[in-house]
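Next up: a single chain in structure tokens, the form predicted alone.
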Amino acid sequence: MYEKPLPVIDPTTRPFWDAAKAHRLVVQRCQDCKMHIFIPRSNCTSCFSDRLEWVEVSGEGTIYTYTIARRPAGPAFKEEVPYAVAIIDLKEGPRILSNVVTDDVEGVTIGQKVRVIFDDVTEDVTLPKFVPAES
């Protein structure tokens, strides 16, 4: 049984979570100004258009910033400390908050290249996480 918090899946975010379950990373893109957008929403953050579409992205990115959790964020996280939480600049532009999965959390650095992986945590929820990219 998975004991960590799970995302609340609503009509706005469902396409993101359905794609993650299929091991695909998607974000919204404005059909008017072509801006890629994350977090899911009903209007473009650049031009305010409501003409948004879901597009698959590469899953490649760069660590913008990160922290290493040395104390668990609750009892369910106790076995994972230390772990890295990062804001990732996706190659397509938007930023996403996620874990960097690595045995060497001390080796995580700003500017490090990463790629997405998928963690099937329940039958219904798959979480996108990131690992250091191969050099």
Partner chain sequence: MGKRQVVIVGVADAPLEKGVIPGGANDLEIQARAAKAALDEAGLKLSDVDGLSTAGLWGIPGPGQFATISLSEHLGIRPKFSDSTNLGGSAFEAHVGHAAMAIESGAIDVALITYGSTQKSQRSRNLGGRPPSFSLQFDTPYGLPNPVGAYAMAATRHMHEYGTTSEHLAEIAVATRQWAMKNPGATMRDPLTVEDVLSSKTITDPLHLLDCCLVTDGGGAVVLTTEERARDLKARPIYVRGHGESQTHMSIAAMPDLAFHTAAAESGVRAFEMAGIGPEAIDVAEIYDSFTITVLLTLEALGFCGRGEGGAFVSNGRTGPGGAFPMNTNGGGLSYAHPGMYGIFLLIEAVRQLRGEAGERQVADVKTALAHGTGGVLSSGATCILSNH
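Residue numbers count along the first chain shown, from 1. Here the structure is a predicted model, which is why all the values come from computation and not from measurement.
In what follows, reference is made to the form predicted in complex with its partner chain, a form of this protein that is not presented.
Within 4.5 Å of any heavy atom of its partner chain in the predicted bound form lies no heavy atom of V55. Shown alone here, V131 lies farther than 4.5 Å from its partner chain in the predicted bound form, counting heavy atoms only. Proximity of A19 to its partner chain in the predicted bound form: non-hydrogen atoms within 4.5 Å are absent; the residue sits far from the partner. Residue contact with its partner chain in the predicted bound form: R70 places a heavy atom within 4.5 Å of it. Residues Q31, C33 and G93 are none of them found to lie within 4.5 Å of its partner chain in the predicted bound form, as judged by heavy atom distances. Residues of 90-114 that come within 4.5 Å of its partner chain in the predicted bound form, judged by any heavy atom, are R95, L97, S98, N99, I110 in sequence order.
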